[in-house]
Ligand code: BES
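Have a look below at one chain only, the form predicted on its own, in structure tokens format.
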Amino acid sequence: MKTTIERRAAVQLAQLETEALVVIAAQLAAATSIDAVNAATGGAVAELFASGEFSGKALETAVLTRPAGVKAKRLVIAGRSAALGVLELWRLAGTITRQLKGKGVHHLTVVLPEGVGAEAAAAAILNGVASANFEPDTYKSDRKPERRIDTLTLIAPQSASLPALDTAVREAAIVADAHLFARELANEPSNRLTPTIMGQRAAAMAQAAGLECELIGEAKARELKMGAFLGVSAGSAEPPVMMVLRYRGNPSSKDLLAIIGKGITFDTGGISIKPAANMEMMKFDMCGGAATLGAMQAIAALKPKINVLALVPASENMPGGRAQKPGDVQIAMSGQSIEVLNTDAEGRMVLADAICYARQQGATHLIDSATLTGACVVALGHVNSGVFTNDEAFYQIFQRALERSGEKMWRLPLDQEYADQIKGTVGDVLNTGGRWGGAITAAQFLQEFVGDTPWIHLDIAGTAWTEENKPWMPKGPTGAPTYTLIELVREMAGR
């Protein structure tokens, strides 16, 4: 998508020739963009408010087709809340894009809203439009790829700094491409994205982006004694792959951030098999890995001064004659023994060995993201991802990154009482703590392998995909938490 920036006074908006001109406002206000287009249309916008057809509330939109006095073919009035933030702007831009892109609109012109930082607003709008351009219909024979916004023009106030806006838009385009890459990976059917193929896709991206990449196969994993990782794939005909990508943005620094993403390309539950209903959704069990790879693509292009190690342990969890069974004991890379009570608690096992490998490679900070537990969906629904941490200072950095990304997350506790639930009988640790507090005991399991390394765990089981169409996003993968991972890296690098 081509994005350009123009600086114009509000009184010049009526002269813009575009397929759709978008003005964001909650109400008419003197000497503003909404006031200018209202005057140009002879009060048509005021009539819209007065009729009650448009109230100006957040995410509400009204479209005036070929309004008199305005050269734009469509005038779009978009509502907003008083405290307009990154998330709302992103969703609003996505909502407008999805309304218009199937109606022959390919060029969108958006007036940056008053009262919001121009650079942050521009980035949020660009990402919202780019995100809404995505459709999950990859393999449909009648796919219509032309239904998209190809050109975005952002109208900035005269007081805005064009160099700063240019930088914000350039970087936002990099983030948007990374987000798209993560969603395209997540959208692939499991027969077209096996662990081997996912590794190949990661290697191709790394080569194009200038990243180092190593693919740890089954033989090397055995040498490294990754028993937890290998146990999950034992029942599958597809061999596992541990993707290892490196970005060296500050070679003089000893600090190393490890980003780890769960990459279960399909999860039947193994011997503890899942119900048939909705099992097709388990192709999304690699969304944490997809987000990790997307984030690394952006990091390579943004070039922050920080060292980053990315790990994606990819595997299929299948029942079979060689599959691990409830009651089995696996020895992790750390030497700790894991008592497998439920083979459907497999994500935490592949992550355990990835965490151990990251620490062996010198990671000073860890963050993992995984579609880990249904319990997190019970706790937080499909609105927030769960956040867990063992380090307050690291969490404060993460919180600043989260504010910039706009993604919704909620912190959950880690306490010794929960750790007691996963103490093993014949092994060191159980791979499940039972029904109660399941998201927390899963996080506690991971913490057993973290040691004292500052660490954050993101449970994205409820947010990695949406099972229904949203006004701003189609049914399918959401790309979460790609934005936040990128912003964390930038925050740690001092932006």
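When you see a residue number, it is the position in the sequence shown, counting from 1. All figures in this text were calculated on a predicted structure; none of them were measured in a lab.
Beyond the structure shown, there is the form predicted in complex with the ligand, which is absent from this document and is the topic of what follows.
Margin query: If contact means a heavy atom within 4.5 Å, which one of 340-348, 223-231, 73-81, 244-252 is the stretch that engages the ligand in the model of the complex?
Written below: So the stretch in question is 340-348.
Notebook entry, point to check: in the model of the complex, does Ser405 have a heavy atom within 4.5 Å of the ligand?
Noted result: Flag for Ser405 set to no.
Notebook entry, point to check: Does Val169 reach the ligand in the model of the complex, with heavy atoms at most 4.5 Å apart?
Noted result: Because no heavy atom of Val169 falls inside 4.5 Å of the ligand in the model of the complex, the answer is no.
Margin query: in the model of the complex, does Leu372 come within 4.5 Å of the ligand, counting heavy atoms only?
Written below: Yes - in the model of the complex, heavy atoms of Leu372 and the ligand come within 4.5 Å of each other.
Check: Do Asp368 and the ligand share at least one heavy atom pair within 4.5 Å in the model of the complex?
Finding: Asp368: no contact with the ligand in the model of the complex.
Margin query: Please identify the residue among Ala461, Ile440, Leu446, Ile34 with any heavy atom within 4.5 Å of the ligand in the model of the complex.
Written below: It is Ala461.
Next item on the list: Please pick, from Tyr357, Phe284, Trp90, Phe398, the one residue with any non-hydrogen atom lying within 4.5 angstroms of the ligand in the model of the complex.
Entry: Result of the distance check: Phe284.
Next item on the list: Indicate whether the candidate residues His179, Glu184 and Arg192 are all in contact with the ligand in the model of the complex, with contact defined as any heavy atom within 4.5 Å.
Entry: No, none of His179, Glu184 and Arg192 comes within 4.5 Å of the ligand in the model of the complex.
Item checked: Partner contacts for 246-282, taking the ligand in the model of the complex and a 4.5 Å heavy atom cut-off -> The stretch 246-282, when checked against the ligand in the model of the complex, contributes Lys262, Asp267, Lys274, Met282 at the 4.5 Å heavy-atom cut-off.
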